[in-house]
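The chain that follows stands alone, in the form predicted on its own, written as structure tokens.
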Amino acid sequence: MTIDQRPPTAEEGPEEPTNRPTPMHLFRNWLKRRYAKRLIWLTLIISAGWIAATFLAVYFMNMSGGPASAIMSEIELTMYVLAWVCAPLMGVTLAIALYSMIGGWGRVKGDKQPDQDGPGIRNNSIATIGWAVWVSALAAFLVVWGLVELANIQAFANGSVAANQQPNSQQSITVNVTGQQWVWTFAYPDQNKVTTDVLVVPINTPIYFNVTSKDVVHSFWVVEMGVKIDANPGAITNTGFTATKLGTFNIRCAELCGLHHAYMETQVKVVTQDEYNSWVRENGGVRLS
């Protein structure tokens, strides 16, 4: 009896099995498993908790009166959007981690090895492709959103445009900001060089800042306006905002600058145009036309 030992050709090769389960069939079977249901519920609970925590964080953040400018409103919106779109990804990651920590896959006592490996999904094309597409889409969305919001905030701040060239129909106010250990000083060159340690600005008027320092690096942070920029010795940085809410808000230093860094703070008072004109006149300045 002669046995044909020739390697099979492509036409003569073994037939593909016809009873191999499809990836979707495997996925549906996975959803029926007890640990899968637990992971899904844990993911939903963590995601919902994270979204609720976002509202709570913004609530406490705004207890001081913000947002008080279009810049801060954009920052607040970005916080919401980033938290919401990232919640499912964070939820499923933490769900798997927590489930593993509490021994959800099964406990093995002593030196006994587990009878079988835990469930694996490396060979499930739906799971691997779905995860890659999901993460890639999320990353692309965050990049696009970040670039658009950065452009919007820059436009609202007018930080790269000279005060006399800003695209606003209303006249802007220039303020020279100087930081030094450990106080802020504000000078109004267009109002006869009025100088104060408390920033006073009129509502709905573009404010343009020339920021510098006399000693070390500080950071000029107008909290409720969403403005923060370094104050560097020997250099001038520019930013700005337009206040949209009356009231008194906080200015702090956001760069560690020495022993009393935590006490380097003052206020910005947003007033009406008439109140601002009166304040300038009382301090020997020129009324804003």
Partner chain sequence: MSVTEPLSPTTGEPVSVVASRNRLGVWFIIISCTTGSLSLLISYSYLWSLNVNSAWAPPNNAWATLWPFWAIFVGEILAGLAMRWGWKGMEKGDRGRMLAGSLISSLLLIAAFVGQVAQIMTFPFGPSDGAYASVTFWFALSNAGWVLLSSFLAFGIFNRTLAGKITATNASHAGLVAMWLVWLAGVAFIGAICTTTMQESPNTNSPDFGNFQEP
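Positions refer to the first chain, counted from 1. Model, not experiment: these values are computed from the prediction.
There is another form of the same protein, the form predicted in complex with its partner chain; it is not shown, and what comes next is about it.
Although the partner is absent from this view, Q191 stays clear of its partner chain in the predicted bound form, with no non-hydrogen atom inside 4.5 angstroms. Using a 4.5 angstroms threshold between heavy atoms, V201 stays clear of its partner chain in the predicted bound form. Shown alone here, A235 lies within 4.5 Å of its partner chain in the predicted bound form, counting heavy atoms only.
In the predicted bound form, its partner chain lies within 4.5 Å of some heavy atom of V177.
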